[in-house]
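Okay, here we've got a single chain as structure tokens, the form predicted on its own, with questions on binding and movement later.
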Amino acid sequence: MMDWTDRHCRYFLRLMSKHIRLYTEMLSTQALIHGDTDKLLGHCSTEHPLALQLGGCNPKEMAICSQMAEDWGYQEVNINAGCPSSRVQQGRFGACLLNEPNLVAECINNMQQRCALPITVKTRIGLDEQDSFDFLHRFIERVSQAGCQLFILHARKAWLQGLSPKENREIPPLDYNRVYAIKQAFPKFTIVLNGGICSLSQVKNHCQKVDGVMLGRAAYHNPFLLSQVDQQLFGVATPEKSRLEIVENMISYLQNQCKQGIPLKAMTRHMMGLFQAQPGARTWRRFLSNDPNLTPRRLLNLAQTLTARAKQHVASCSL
């Protein structure tokens, strides 16, 4: 989700659910220590609960960045031990950390000495030829000894060579049963399942066997899916917002950010999927992508037009 779940994306997604936990895109320790801290860590308090996903392998640097996360008001630091990209491998973090549970444990020990936030781990269920329940079990057992109590498991193994990051998300087969088995083996830990999930009915089914589900690209490409989460999964009797209401709630944010010099399309690019599977969805995407005169007001006008068109479509179908 790098370059996707930035602060503007998270603000937009939060409008649809108050109770989901949002995660940043993976940020490297080097970027946080030497880069623009405000740009990387700055966020709106309405995004909470919010976790910082951290990429790195140097225990001292991981500790420094964990303290930064606490200072900036995050509620969790998540170690990325699942990304298989070549760039991440060169930094000796991401999925290759599956082969180094002792190093991950050392990072966690150092991080916990510098901050009081929960330290969690997101990883794959296997790596290259190391593709067994026992391999994953040993990793979780060792890392948990350092104090990690929550594991997010992408239910595919990773190939460090031969597959692109995109192919690594599609070609290795999903194995949900292995994640279920890990939950049975570690009943006291929080086990969250990730990978290949695209509907709330699937989420509900998985949550009968694990403690939670992480949605990534499914939520990004079809964000309105999240508008039903609070009611269906958290049991909160709040009225579901319409797509038009969500756009209306974004307008003041877009206007304020534009005044601070943020390009409008840097924010609206995250809204492309809002009308997915609705009449006019292609018009919406094309407008956000190509209109040279895009403004918040024109965006709202189009949302109003598409909403009216959708109502007419429903009315005609019911006749």
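Remember, predicted model here, so these are calculated numbers, not experimental data. Numbers follow the displayed sequence, beginning with 1.
The form predicted in complex with a small molecule exists for this protein as well; it is not shown, and the discussion that follows is about that form.
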The one residue among L215, V179, C96, L136 placing a heavy atom within 4.5 Å of the small molecule in the predicted complex is L215
Contact with the small molecule in the predicted complex, heavy atom within 4.5 Å, among L274, M26, M62, L50 goes to M26
Taking the small molecule as it sits in the predicted complex, is N194 near enough to touch it, meaning that at least one heavy atom pair lies within 4.5 angstroms?
yes
Exercise: K241 in contact with the small molecule in the predicted complex, heavy atom 4.5 Å:
no
Can K122 be called a contact residue for the small molecule in the predicted complex at 4.5 Å between heavy atoms?
yes
- Query: in the predicted complex, does R169 have a heavy atom within 4.5 Å of the small molecule?
  - Reply: yes
Per contact check vs the small molecule in the predicted complex (non-hydrogen atom within 4.5 angstroms), the hit among 207 to 215, 69 to 77, 107 to 115, 136 to 144 is 207 to 215
